[in-house]
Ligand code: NAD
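Take a look at this one chain, the form predicted on its own, written out in structure tokens.
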């Protein structure tokens, strides 16, 4: 097992990463919280695969456990589904001492975290992420949100967990497509901060599952994200580099329809585009661009986008049809393992580059 500590102003929390650790590691942080009621937020798929999993871990603790089961998938990451958590909390007489446990992937983690941030103005919660993407992305850093029809993750709050337990055994039942999506987020941290992590990840495959590799890769990836979050918890500066690939990635998810492409798939295409722009604007060397492009070509399936023009491109990137500004902060690469924030990047220039990108590399993004 590997353990990582996240240190923030006035508080800290621990991330444990390992195989078959949940039974031993979850009970202590629950008991230390002083709660007598845990509400598990999960989805239908996990409830079928691992029925009452958290309840079984806590069954002899004396803590009451109730389970809120939500529909599965990005398409349900919205205010309507989110309100079901509040309905459940009211039904089971939850109070400010109640603890939420998010048992699921990024959708569950984001919604449960947002509920914990807002129910009775804030209650504690624990993350038990079950997907590789959630292990290295949503479970670390405290960003919580739901989607709006016009923009991904546009309604949310910052809420740090009390504890994160990354139990690797749940990956055994994760579909391969979901594993690949998480693998792309692992790569992201190598692209933006650690070329050695990129090299390490390249040397391993996801079939068969290698838990020793996964534990090390997840630990190193979470450490990168954790150190960035410690510097800038609420994303007023350097934390924005974690959005590498997300400008186009979120556009893809919103325009194609939530759930059409997995978050990691959309961000993978977005990372390739951001690296392409970095090379075109003479920031990234051609050698590094070719390495990144060549590797992503091996693992990315093409994204198909329909009916996209400059006006819609602008609206989707800015999340606002009436926005006066015409620019965004765009994350680019100086070299493999080093990123920076290009302030006030013209949306029109990005549109021009996007058209160049899709013309030259339709194997990543194709316009129809």
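Residue numbers count along the first chain shown, from 1. Not measured: the values here are computed from a predicted model.
Although it is not shown, the form predicted in complex with nicotinamide-adenine-dinucleotide (NAD) is what the next lines describe.
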query: nicotinamide-adenine-dinucleotide (NAD) in the predicted bound form: contacted by all of 78, 151 and 247, heavy atom 4.5 Å; finding: no
query: Among the candidates 327, 332, 65, 49, the residue which, in the predicted bound form, approaches nicotinamide-adenine-dinucleotide (NAD) to within 4.5 Å (heavy atoms); finding: 49
query: nicotinamide-adenine-dinucleotide (NAD): the contacting residue among 133, 85, 165, 201 in the predicted bound form [heavy atom, 4.5 Å]; finding: 133
query: Residue 43, heavy atom within 4.5 angstroms of nicotinamide-adenine-dinucleotide (NAD) in the predicted bound form; finding: yes
query: Contact of residue 107 with nicotinamide-adenine-dinucleotide (NAD) in the predicted bound form (heavy atom, 4.5 Å); finding: yes
query: 4.5 angstroms heavy atom contact with nicotinamide-adenine-dinucleotide (NAD) in the predicted bound form for residue 138; finding: yes
query: Residue 215: touches nicotinamide-adenine-dinucleotide (NAD) in the predicted bound form, heavy atom cutoff 4.5 angstroms; finding: no
query: Per-stretch contact check against nicotinamide-adenine-dinucleotide (NAD) in the predicted bound form, the hit in 203-211, 291-299, 190-198, 171-179 (non-hydrogen atom, 4.5 angstroms); finding: 171-179
query: Contacts with nicotinamide-adenine-dinucleotide (NAD) in the predicted bound form, stretch 257-281 (heavy atom within 4.5 Å); finding: 263
